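Quick heads-up: it's one chain on its own, the form predicted on its own, in structure tokens.
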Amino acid sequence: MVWEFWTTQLDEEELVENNYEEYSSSRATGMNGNGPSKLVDPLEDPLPGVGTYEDFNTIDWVREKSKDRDRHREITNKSRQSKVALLLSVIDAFSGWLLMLLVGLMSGALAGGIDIAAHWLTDLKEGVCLDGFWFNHEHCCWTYNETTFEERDQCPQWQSWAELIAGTSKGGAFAPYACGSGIPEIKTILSGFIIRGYLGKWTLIIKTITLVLAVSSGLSLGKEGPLVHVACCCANILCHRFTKYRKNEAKRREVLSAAAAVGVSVAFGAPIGGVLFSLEEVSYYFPLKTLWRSFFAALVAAFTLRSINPFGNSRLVLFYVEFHAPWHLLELGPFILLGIFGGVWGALFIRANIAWCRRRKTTRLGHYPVTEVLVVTAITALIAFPNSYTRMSGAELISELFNDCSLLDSSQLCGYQQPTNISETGAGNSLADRPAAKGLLTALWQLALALIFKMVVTVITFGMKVPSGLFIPSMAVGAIAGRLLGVGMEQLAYYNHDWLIFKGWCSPGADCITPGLYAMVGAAACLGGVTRMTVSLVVIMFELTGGLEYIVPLMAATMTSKWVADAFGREGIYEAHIRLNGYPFLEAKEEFDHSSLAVDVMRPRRSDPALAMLTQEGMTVGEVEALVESTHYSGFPVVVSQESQRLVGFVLRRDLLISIDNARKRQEGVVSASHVVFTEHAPPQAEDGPAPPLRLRGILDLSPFTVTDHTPMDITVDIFRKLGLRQCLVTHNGRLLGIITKKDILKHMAQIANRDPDSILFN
């Protein structure tokens, strides 16, 4: 069944591609004049492939929305005529919700499988369960009751290896799009750009498998970004089973926006945060109905993940925290200090990582991606193994740092001096602030070394040819810094409780400072500094930890980190990688404050050849084909005549080639001398004249967006951003002067910022 589904999808894709690729071979056949005598009009007889887009091109949002309105209007009119048509209209209306249900179920099931497999492989590096090799360490020791609480991870059923086994992932040659985070490319695709194969079935299979291997390898990476990519792959594959999403690129991107929310939902167990992440960070077009469907899909995915219970704790949250002491208003100072650290770290990380990735692209290092992965993995394993905090996985490290020490806790981070007497009426297992013992001091030195190690190795790891997320590594850096600061504040309060800042709320013997809370705030600050997320990050953090009462410290640290990081540069890590790769993405956060006009950016320039255009009458098939073959443009404006150059419309190159190709096959007598007309009525022909003209008005966009030559470029850029345009024509008193494409705008903005304009698509 699955194979038939993928085969059907592949056949549908090949049908569209072959209509364009067979153009040159079919032209010779059509010139013989042996085809059927039917007069072809694309307006009355739609052709397969017309209205589709080539690879590495931007979709026309306005045309796609217009197509969807026409389709919806036709369904509504038919539903009034018969009960069967009414039933079909109801099915069409609910197909979007059905698709969201399937995306949520599929993504949740895959995420649960990835979590279980990654946890198992992580433990497999250290040992194997004798009762069953498929059990991880925790599940293997569940049934063993003859051990103390401190030795709860030791049982005879679990046997350790003599040496560490590290895994890595290789799949770049078979599915080259399966590597990396995926979020920069998802953002670009959601803005309207087409990257064929990036959301395909082989990318999904290889990314799912290699993500398990990469997460369990011990590298400084996470699974959150790749899970967004996996969810979008699921959505794209399922979209091909629904006609209205398969044939409309704009509608498909609404589903992909919801899938991005599903990816974060299953990565963190944060459905609301996932919806806000898609709205704030990823999506380009996010209507209200997409908000509802994203919420529904994230809910289904979270429910599916909860049913699988991959963490084995019957909770959806990944790092459940329950701090015993509330935070005090005066602690906002250290929290803001963590925000400053997160902003500085985020800005420095982005610059260092982009510099390293650019070096990878421009040197011989980029020619050996597998060797780079193996070398970095080996170095990471050798350096990380002696330190227990670098040896454990990122999720385990963060959970350890968020932990609030209790009486029965055997962690090194809880190595305080034991009190001489413990009140029998104490509140549960909570303890008052205590002086640090040797075990805690040793742990702090190890954490300091782990902080340096994580900061360096994350710069090198992110961007390698492995599935690599950035959320967990960034949170780990912030959590380490926060825990160090929290312990420092705790000891300061213990030895100096009579200071003014501690008087009135931190008396001797009280539990004043919670280091785990500082770790949580530091994790949010560093992640915010790297990604520049704000609202969605705060919601993800309290969903991730269950700490709803700590929203104010999280908000303070997150906003501080964003302000500090923006002072160094407004680009987040994903926007920086989009620019590094040269993707044609117009960032809404980037302001255009230059005083240039449309005439300064449009093509042709004064030194360029004349603008390539078609006339609505008078051109032959041979002349049109010669013009198309001599240029590389994605479309051509159509004017009344070469003399007047009054604008009539705009036609896409792909639609033009497919229409001529089909006319040669299906219309008798179409030769190079046949006339091409874009008028509503074909001109009269003499009885002994040439064959009937080829009417192509049906593929002509009669309402292309235009601006005058004196339109300020800041307004033009806003039009491109808000309408998702791929090109805009420039006129003067109705006369065509030139054309501005999204690529022209990006090149112009790069020149203003003193960057290489030729780096746009692709570097």
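This one's a predicted model, so the numbers in the text were calculated from it and none came from an experiment. One rule holds for the numbers: they count along the sequence shown, beginning at 1.
Here the subject shifts to the form predicted in complex with a further copy of the same chain, a form of this protein not shown in this document.
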Quick one: in the predicted bound form, does every one of T76, P271 and H710 get a heavy atom within 4.5 Å of a further copy of the same chain? yes
Tell me, yes or no, whether I195 is in contact with a further copy of the same chain in the predicted bound form, where a contact means a heavy atom of each within 4.5 Å. no
Partner proximity in the predicted bound form: K589 to a further copy of the same chain, non-hydrogen atom cutoff 4.5 Å: yes
D92: heavy atom within 4.5 Å of a further copy of the same chain in the predicted bound form? no
D608: touches a further copy of the same chain in the predicted bound form, heavy atom cutoff 4.5 angstroms: no
Among the candidates F349, Y574, F296, F678, the residue which, in the predicted bound form, approaches a further copy of the same chain to within 4.5 Å (heavy atoms): F296
The one option of Y495, W563, F385, W445 with any heavy atom within 4.5 Å of a further copy of the same chain in the predicted bound form is W563
Any idea which of 512-520, 227-235, 464-472, 554-562 reaches within 4.5 Å of a further copy of the same chain in the predicted bound form, heavy atoms considered? 554-562
Checked 96-110 against a further copy of the same chain in the predicted bound form; residues with a heavy atom within 4.5 Å, sequence order, are W97
